[in-house]
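Just one chain follows, in the form predicted on its own, and it is written as structure tokens.
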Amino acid sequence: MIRVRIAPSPTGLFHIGTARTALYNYLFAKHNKGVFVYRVEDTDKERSTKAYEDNITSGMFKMGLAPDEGIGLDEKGKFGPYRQSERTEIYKKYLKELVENDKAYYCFCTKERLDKMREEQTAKKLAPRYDGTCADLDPKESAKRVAAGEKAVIRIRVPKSEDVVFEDLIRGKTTVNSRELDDFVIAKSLEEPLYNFTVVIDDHTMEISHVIRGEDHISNTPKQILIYRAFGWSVPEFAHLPLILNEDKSKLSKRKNKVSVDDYLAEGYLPEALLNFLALVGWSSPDGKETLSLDDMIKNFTLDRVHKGGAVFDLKKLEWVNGEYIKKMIADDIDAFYKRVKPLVEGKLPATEEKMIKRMIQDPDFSGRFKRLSEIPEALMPFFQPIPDYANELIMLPKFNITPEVLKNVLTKAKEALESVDWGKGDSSKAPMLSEKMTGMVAELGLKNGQVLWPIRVALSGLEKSPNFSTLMVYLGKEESLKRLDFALSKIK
């Protein structure tokens, strides 16, 4: 059976890169009717915290990536526990096995000696590597020294010249000769195993069939394969994903982009849209579609369509994808959509206007503009609050060459035109007629579109960016629209 895993270190918030890796593992498992395991690598005692673990766990579930097994579920099943900090005795057992079978040995070299050795090797332009000083020590004597309290790390015996070959399911065949490696450290002590050792023990004992992870782990793979060989175990299949990059092709970092999943959810990106976007950051659907449901992704996901090169985190594309999801959700079920938005609008929009707010959200002039849920209260607030006092420079934008005389004439004519029309607040059927009234003034006054329509829109909204003037009129209503035109006229000096 296919079994895959996601194994983050709880040393930070749920990262976008971790979410993408989790998603690809999830999709691969579901596509192949396999099992998706979630475990935690928390052996870094100084940086790992329960708060970070909880954040990653809640993030996985929020994003719809619920594991089939592991953290958050039955953690004492056949393959548990799922936290490395709770698996010390398991690691200890296998470390002892390697040492007793002379597949690994105790190394008593001090840091000072190792530093000096590396300095000398570097000076001779040699690759720094352990020189094997402790490799031939008598195992029984070494065991006595350790039992007496002498400090020692544990190194694995690496074959002198043996090809380590693995067929990466994304990158193809990779070969590394063992002479390029030294007898690397697998544990600081029996109680302190290191990453390359623990990950092998975990993957083997949890019967992981495929290891799907970031390409930054490629250099670890030959070492891990050597540990599998030392035990005589079968080796899982490997697939190394392209790293997520900033738009300048540098590695994704919080200096240039938000990297926490929570940050994006708080800004109003939908979990479904974020998943859809992350799927496309390094993979492409066979039919070329860019809006995909989770079922679509499961159906179409295969590792042969994962890109080898770095995948760029394109924020504009994320906004587009999110906007498409928002439009569809609004069209499918406005009540269900409003439940998603309600926590964001509470305290910003009047609760008594829920019916009108829903009508406005459904208006194509609004629904087509929203890229994030957080934009909805921002876009609608001008309709439910007094108009902000804007600077005259905004309404008399220089590029349109709007003089005070032109502005006064435009606003006066607009007011006269609107006074002759009756419409109810929220009656969008009157939008075409109101639009025709305003656009008709352009030719009548012998002006350009911007000289007429820009000041009307600013007068109604008080903002540089807002819906078009007819939408503003519809949802402000006649009385408020005329009141705002009067206010604009009063500002003209």
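All residue numbers are counted from 1 along the displayed sequence. This one's a predicted model, so the numbers in the text were calculated from it and none came from an experiment.
Form predicted together with a small molecule: not shown, discussed below.
Among heavy atoms of residue 41, some come within 4.5 Å of the small molecule in the predicted complex.
Shown alone here, residue 7 lies within 4.5 Å of the small molecule in the predicted complex, counting heavy atoms only. Residue contact check for residue 226: none of its heavy atoms lie within 4.5 Å of the small molecule in the predicted complex. Contact check for residue 199: a non-hydrogen atom falls within 4.5 Å of the small molecule in the predicted complex. With the partner omitted here, the residue from 118, 217, 413, 83 that has a non-hydrogen atom within 4.5 angstroms of the small molecule in the predicted complex is 217. Taking 231, 195, 423, 130 one by one, only a single residue has any non-hydrogen atom within 4.5 Å of the small molecule in the predicted complex, and it is 195. Only one segment in the set 173-181, 396-404, 338-346, 209-217 has residues whose heavy atoms sit within 4.5 Å of the small molecule in the predicted complex; it is 209-217.
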